[in-house]
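Given next are two forms of a protein chain, the same chain in both, each as structure tokens and marked structure 1 or structure 2.
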Structure 1
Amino acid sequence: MADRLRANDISPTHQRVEIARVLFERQEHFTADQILGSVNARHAEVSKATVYNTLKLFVEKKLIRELIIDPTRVVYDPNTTPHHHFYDTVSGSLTDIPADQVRVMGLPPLPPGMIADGVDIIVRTRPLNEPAMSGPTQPE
């Protein structure tokens, strides 16, 4: 893990290495609180601020992706290759969708002086027998 951090110009402190280990060992989508709990279950205390600051640094260095699932849920994805997601609104699970399985036919004109930096598609799903959710995550 230390070598991976160094390769991304990140100083490999003990806390950063442990946070990276949680993210990359299982290749899952974790919330900051889940990362905090996993790191603290294995080793001495790491503060919530340290976890958030480290995640912000990892995102800035493009080591991980930040996914805003809805206004109350943010997860961190160690898979930085182009891909999209299925999000089960009942269980909260995320599943990767390979980028070549999704086609975007076009984007609206971008604001003046801006370029597209990426497109993230989250397909929200639910089991057939579950009632539709109301609120901002329900497609119209």
Structure 2
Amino acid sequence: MADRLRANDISPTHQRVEIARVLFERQEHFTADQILGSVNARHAEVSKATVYNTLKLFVEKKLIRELIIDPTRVVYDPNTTPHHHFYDTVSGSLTDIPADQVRVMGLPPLPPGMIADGVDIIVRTRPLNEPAMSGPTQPE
């Protein structure tokens, strides 16, 4: 894990390695708070400020992606391959959709002088019988 950080021009401090382990060994979608909790589950190792500092650094270095899907918090995605998401509006859970099969057609030309930076697709889903929705249940 330290080598992986070094390979991306990041000095592998103890805190950064611990955060990277949570992200890359588990390969799930995480909020900052979940990472803080996971890293410090056994005993305090990392502060809130460092979690935010480190996540920002990892995003800059393109080790992870930010997902803006939940109105109340940013979700971090250790999967940086091009992909989209199913978003269960009831439970709040996210599922990856590999992008290589997906094709979007008929998009209009970009506003002049603009360059495309990426396309995000979010498929909102809901359990078959669930009575419509308002907001997802916040886990823990």
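Here, a residue number simply tells you its place in the sequence of structure 1, counted from 1. C-alpha atoms forming the largest set that superposes within 1.5 Å between two forms make up the rigid core. Just so it is clear, the structure is predicted and the values come from calculations on it, not from any experiment.
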The chain seen in the form predicted on its own is the one numbered 1
After core superposition, I'd like to know whether residue 90 moves between the two structures (criterion: C-alpha shift of 2 angstroms or more). no
After superposing on the rigid core, the Cα of residue 108 moves between the two structures by an amount in angstrom of 4.4
